[in-house]
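Just the one chain here, the form predicted alone, laid out as structure tokens.
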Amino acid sequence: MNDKKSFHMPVSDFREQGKKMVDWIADYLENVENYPVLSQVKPGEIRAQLPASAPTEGESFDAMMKDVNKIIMPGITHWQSPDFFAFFPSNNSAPSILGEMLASGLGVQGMLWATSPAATELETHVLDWVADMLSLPAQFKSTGTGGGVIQDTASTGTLTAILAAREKKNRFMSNDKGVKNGMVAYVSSQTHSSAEKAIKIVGIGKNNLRKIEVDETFAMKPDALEKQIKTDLDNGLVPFFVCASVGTTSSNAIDPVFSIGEICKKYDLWLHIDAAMAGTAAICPEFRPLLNGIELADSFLFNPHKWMFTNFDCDCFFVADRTILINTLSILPEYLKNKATESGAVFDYRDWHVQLGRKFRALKLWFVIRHYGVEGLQFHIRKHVEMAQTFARWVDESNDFILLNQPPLNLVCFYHKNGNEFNKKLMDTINQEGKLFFSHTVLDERFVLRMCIGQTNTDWRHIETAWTIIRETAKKLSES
């Protein structure tokens, strides 16, 4: 059939609409703080405005953007707002957006070195940069026994670490014979839920996940860890994995990595360090002690997409011995065989994580590091920490609010003296008004408010306004 008709967008239209899109994004970033931070729509409200079936004929891009403004934008919670203080940040920046745009335009599938050598070699090199920026031990660089790889999220990174730990303990026999019975993993009661999810995925089962008690700072107790390991060994079980957190989700607690690492070495357990947000802080020399003990770790991860101005998704995962990782995950079907792989002279990152296909994520991280430089990244990290420490001081000096603990970095946990129900009502009232958005946790049966200060464009006026809103709203609720 010799039909010359095409439904593809002409390059001329793409050029025109692409320029409009950049302008739209730029306008959005300039005006994002004018939107309600938390989306105000009700469940089902977005879908109710969408047609029941896909269009038979194609529509114009202008029509699409009209619906973006009318339907989609009211349903967006604005993570890029400088008044976003909930959860942990998922911050962005102009160089990161441009890097993401370039990666999308190139459309690289970087599963093998051969499928795009630049994608692999840039990633290897940038992660060596990152290792140096964080002062990681030499084994975590490509020039050592291990190296780094960009995964999508910390959840996938933790899953990868558990798989490698399982295979190391089983001498790589699980791949053929299945999971050995009685294997046991250890986390603290404050470890991110992704560890429990990963334990279920790999076939260990949550009943074989030990949640170790924490101290008054909500950090894992090493003596409690060792006691549990001994008990499990006495019962004929097989301890194999420990996750230490540098910055827990609830309170940013820092586990004593060195003490935990010594226990892992004593009993031959894999030590994985989850520093999803807080790891970025180690770029600053004064915060590098947070990672003391990392020289004893088998794997380490952190998310530039949280606090390093690199848009989601981008998780940097480092391993001390890459052969364990590769032997755990490598499968080479005929259709992936090639001379470069057979030579052994290249990295094929498909062997470093669960998925086969992979985006060219290194471009946006490369752009961010080159734009800011180490000096620029340090400046903004220090500023966020300073703002958080100042906010914590305001809370501590207040007659109505109580500071849970002195924040180690940029997360402030606090609560109103009127109790759990009042704190929940205070948070819900403020969030629904849309001027700022913060979240909560529960620690020692106390409903605790969390203010995480790390959004790209948050400045002093934003935290001053937030504190004013919190105090004034609390006063109104107390008087009502």
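We number the residues from 1 along the sequence you see. Here the structure is a predicted model, which means the values were calculated and not measured.
Although not depicted, the form predicted together with a small molecule is the subject of the following passage.
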- Using a 4.5 Å heavy atom cut-off, which stretch among 191 to 199, 285 to 293, 378 to 386, 67 to 75 contacts the small molecule in the predicted complex? 191 to 199
- Answer with one of 96, 303, 410, 299: the residue that has a non-hydrogen atom within 4.5 Å of the small molecule in the predicted complex. 303
- Which of these residues, 145, 153, 259, 174, gets a heavy atom within 4.5 Å of the small molecule in the predicted complex? 153
- Task: May I ask whether 167, 239 and 270 all come within 4.5 angstroms of the small molecule in the predicted complex, judged by heavy atoms?
- Result: no
- Classify residue 220 as contacting or not contacting the small molecule in the predicted complex by the rule of any non-hydrogen atom within 4.5 angstroms, answering yes or no. no
- Message: So, residue 367 and the small molecule: in the predicted complex, are they within 4.5 Å at any heavy atom pair?
- Response: no
- Message: I'd like to know if residue 274 sits close to the small molecule in the predicted complex, meaning any non-hydrogen atom pair within 4.5 angstroms.
- Response: yes
- Does at least one non-hydrogen atom of residue 247 fall within 4.5 angstroms of the small molecule in the predicted complex? yes
